[in-house]
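Before any questions on how it binds or moves, here is one chain, the form predicted alone, in structure tokens.
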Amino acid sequence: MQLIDGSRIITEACVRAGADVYVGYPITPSNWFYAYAQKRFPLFLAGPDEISVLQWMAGFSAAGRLPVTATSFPGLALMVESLNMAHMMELPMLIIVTQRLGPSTGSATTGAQGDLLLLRGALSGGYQIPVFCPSNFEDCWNLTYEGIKTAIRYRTPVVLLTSKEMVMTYRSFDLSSLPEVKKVERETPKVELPYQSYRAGADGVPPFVPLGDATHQVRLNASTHGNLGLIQKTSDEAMANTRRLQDKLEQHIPDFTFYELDEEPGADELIVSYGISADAARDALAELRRRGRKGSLLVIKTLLPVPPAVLDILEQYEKQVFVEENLPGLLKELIYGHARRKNIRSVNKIGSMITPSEILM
């Protein structure tokens, strides 16, 4: 047993999974990642600002390293342009986002769940990157590993969406309950000759060859490009390559779909939550059952792209209660838009954490 926080667990999982560079700019409430990374990562760089951080990460990723950073809303806002660049270039990296209370910069030490739709719209054209959201310390460990594995396997930036309460709150935790994490090994690229940087196989993912390779000429391009990596605008090849960026994730989403479902036979009501609010949702479900009422709980851990498996579960329940720490109900809006549904209720709050009794009202 140890008194430990989520920042340390995530940092350790990153290093064990093979992340070898941390590029950071300190920002509350992600400061502890910055502190722990200096002790654990093989290479640590302090960036002068968040824009430089993402640019440096892109350079390291292009050279075959696996970079990590951590930030919160203001830093993420500055990173968005470079995030688009990394997405188009298909560069693996992990970005840890610690949410805080909004609007604007909010309170630096008050957590909330306010960045979901920012991440949904962060890429121009509506493209998406995988977003994983831990709901407990076990998830901090396991989803970090899955995030790095997904980034490498599908050549994409990945976001781990956390909260201040998850990464800065000390809890007594049994570290022996965590499974072993082994380094995610990069497969030797199966290169079809003549080599083209963005020519993909049936899985939609081009084999990754780092810049500086002694055998192949590697071109990485953040503008619309064809298979060679040279700028093209509206050619059939360039448009097919651009569509592939979305297709390569959608066709493989079952491989990185994670959720927790506590299902009770005969229940017609489903509590839906994610991240730090899941603890209150779990307690509310236990109290609901103690009162003799039937209910189920869905904790979504892959938030983006929205997994079809999650939608299949939602369709099975007539009544749904969405629990999240923001005022508009961002998860409910992500799933249902602005459509009015009389059997769907939202529990929303800012400034303090949601309690189980508020869910049961």
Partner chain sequence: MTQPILSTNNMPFCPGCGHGVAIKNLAKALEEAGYSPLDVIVVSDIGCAGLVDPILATHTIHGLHGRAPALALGVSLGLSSPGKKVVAIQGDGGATIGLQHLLEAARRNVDITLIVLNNLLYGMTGGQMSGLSTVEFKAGKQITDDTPPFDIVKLVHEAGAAYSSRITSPGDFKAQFLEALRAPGFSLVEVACLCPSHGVKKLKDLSIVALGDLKLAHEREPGRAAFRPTEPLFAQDKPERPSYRSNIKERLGLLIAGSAGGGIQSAARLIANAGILSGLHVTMKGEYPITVGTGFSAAEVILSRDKIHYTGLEHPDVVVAATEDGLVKARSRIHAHTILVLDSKLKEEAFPNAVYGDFQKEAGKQGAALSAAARWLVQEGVLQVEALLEVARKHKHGEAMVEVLEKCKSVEV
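Residue numbers count along the first chain shown, from 1. Keep in mind the model is a prediction, meaning the values are calculated, not measured.
The protein also exists as the form predicted in complex with its partner chain; that form is not presented, and the subsequent description refers to it.
- Only one of the listed residues (253, 222, 240, 117) places a non-hydrogen atom within 4.5 angstroms of its partner chain in the predicted bound form, and that residue is 222.
- Just one of 62, 306, 313, 321 comes within 4.5 Å of its partner chain in the predicted bound form, counting any heavy atom, and that one is 62.
- When its partner chain is considered in the predicted bound form, residue 298 lies well away from it, no heavy atom lying within 4.5 Å.
- Proximity of residue 230 to its partner chain in the predicted bound form: non-hydrogen atoms within 4.5 Å are present.
- With a 4.5 Å cutoff on heavy atoms, residue 4 counts as touching its partner chain in the predicted bound form.
- Among residues of the shown chain, residue 178 is one whose heavy atoms approach its partner chain to within 4.5 Å in the predicted bound form.
- Contact annotation for the candidate site: 20, 46 and 174 all lie close to its partner chain in the predicted bound form (heavy atom within 4.5 Å).
- Judged by heavy atoms within 4.5 Å of its partner chain in the predicted bound form, the contact stretch among the candidates 67 to 75, 149 to 157, 200 to 208, 136 to 144 is 136 to 144.
- Shown here without its partner chain, the chain has 11, 12, 16, 20, 21 in 11 to 26 lying with a heavy atom within 4.5 Å of that partner in the predicted bound form.
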